[in-house]
Structure formats: C-alpha cells, structure tokens
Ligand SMILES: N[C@@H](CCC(=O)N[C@@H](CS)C(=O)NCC(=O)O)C(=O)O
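Given next, in structure tokens, is a single chain: the form predicted alone.
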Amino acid sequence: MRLARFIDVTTATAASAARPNFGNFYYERSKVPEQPLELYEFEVCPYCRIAREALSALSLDPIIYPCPRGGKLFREKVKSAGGRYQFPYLVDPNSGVSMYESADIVAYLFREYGEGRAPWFLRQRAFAVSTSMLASGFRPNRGRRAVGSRQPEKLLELYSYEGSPFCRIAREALCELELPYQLRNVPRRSPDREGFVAISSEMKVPYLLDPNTGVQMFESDDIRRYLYETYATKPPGK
C-alpha cells in the first residue's frame, strides 16, 4: 500500500509539474455568478483541464458533471444539448450561454467574470494543449472510465484548486464514480480562502463535504477510499 500511495502521489505531482502553477493562483474576477456554472468534463481530458484551470484561476465554483468514458449519467445530456459527445461543455445559466471548445470557454470566462483577457498560459493554445496532454500522460487511466455507483441525493462539495496533485486524486475518484459535485476553487490569494478556513479550521486541500452523510474530511487517499466505500456499487477488488 505504501508503494501504491508513493506511485500515486508521484505521478499526480508529475502531472501538476507539466502545468506548473497553472490554476494555482487567483486572477482578479469582476463578479461572481448568481447561479453556479455547470461544467461537463472528465478529469484526464487535457482540454477539460484547461477549462478547469480557468475556473480555478477565477476562483469560480461550478457544478461538475463527470462524463468519463462508459458513463451513462451525463454524457447523453451533452449529446442532447450540444449535438455531440465532446468535452468540456460549459453551461452558464446566468447568460443562457452553452459551449464546447476549451479555448472558447477560457475566453468567455475571463470576458464575463474576469478582467477581459486570460493569462498567457491559457491563451497560448498550442502551449496549453501540448502541456495539458503531457500532464494527462502521467496518469492516463485515472479519471477516464466510469465505475458503477449509486447517486447521492444532495451535491457533494470539494474544496480544491486545479494545480494541487492531491486535489487531482480526489477529483479523479469523483469522476470515475460519476458523482456530481460543487467544485469550490480556493487558489492561492483567492478572496474565498478566508471563508473556507472558517469552515475547515485550516487552509488545506482537498476537503470534502458530504451533506448526505455529514462527513467532512481532508486527505486525498481517505477521500478516495470514502467515496468508493460509500458510493461504488462494486467496491474495488470484488
């Protein structure tokens, strides 16, 4: 188990190093949406990572609808709404806008909720895609395929920021289990960190809140184990 954990953290850290500090720091936002944005995505997808980095940089709190391969819960909604299976897919209920394409999503988010222009690491398309693909290559099978699960009645919440390797491990489990959740981004310098610390008592991520069970917990390995034990219909190894 120690070796497995070591490999897990090492590869997650390598994935973060491929996009160093991208999505880790807060960039000034102009407003907070009244209704949460919705992002249909899956964790290992390099284009989805770019969209998540933009949301993290702006410290926005979207509802994530995981769409791993083999998933049967949310992929069809994207096909029905947009006409094809393509990810990421952003829905903004505040403006009625919905769109594919990570570059378009990034530009929209910074135009609508930021100060107009995205930072260079999101704006330079070829660089963003190639380094995001490299990051995916370090963990090619995590957050990719669906695992049978039962759905919670209430949305889970995950406090996170995109560049953290430990947050990645927690998000992968949520994705594999197709568990929708509110992603609460608290990148460095975010004005939302103070409110998070008031809830958690310390600035440490990932932090999971499950209103269905009352569980609140840190530690990526514990979060992954809890999610599988609580929501997987067939626990690993059985």
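This one's a predicted model, so the numbers in the text were calculated from it and none came from an experiment. Heads up: residue numbers just count along the shown sequence, starting at 1.
Although it is not shown, the form predicted together with the ligand is what the next lines describe.
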TODO: Tell me, out of 138, 74, 87, 113, which residue has a non-hydrogen atom within 4.5 angstroms of the ligand in the predicted bound form.
DONE: 87
Open item on the list: Just to be sure I understand the contacts: of 39, 45, 179, 205, which is the one whose heavy atoms reach within 4.5 angstroms of the ligand in the predicted bound form?
Closed with: 45
- [ ] Select, from the options 115 to 123, 99 to 107, 162 to 170, 149 to 157, the stretch whose residues sit within 4.5 angstroms of the ligand in the predicted bound form by heavy atom distance.
- [x] 99 to 107
- [ ] Answer for residue 69 alone: is it within 4.5 Å of the ligand in the predicted bound form, judged on heavy atom distances?
- [x] yes
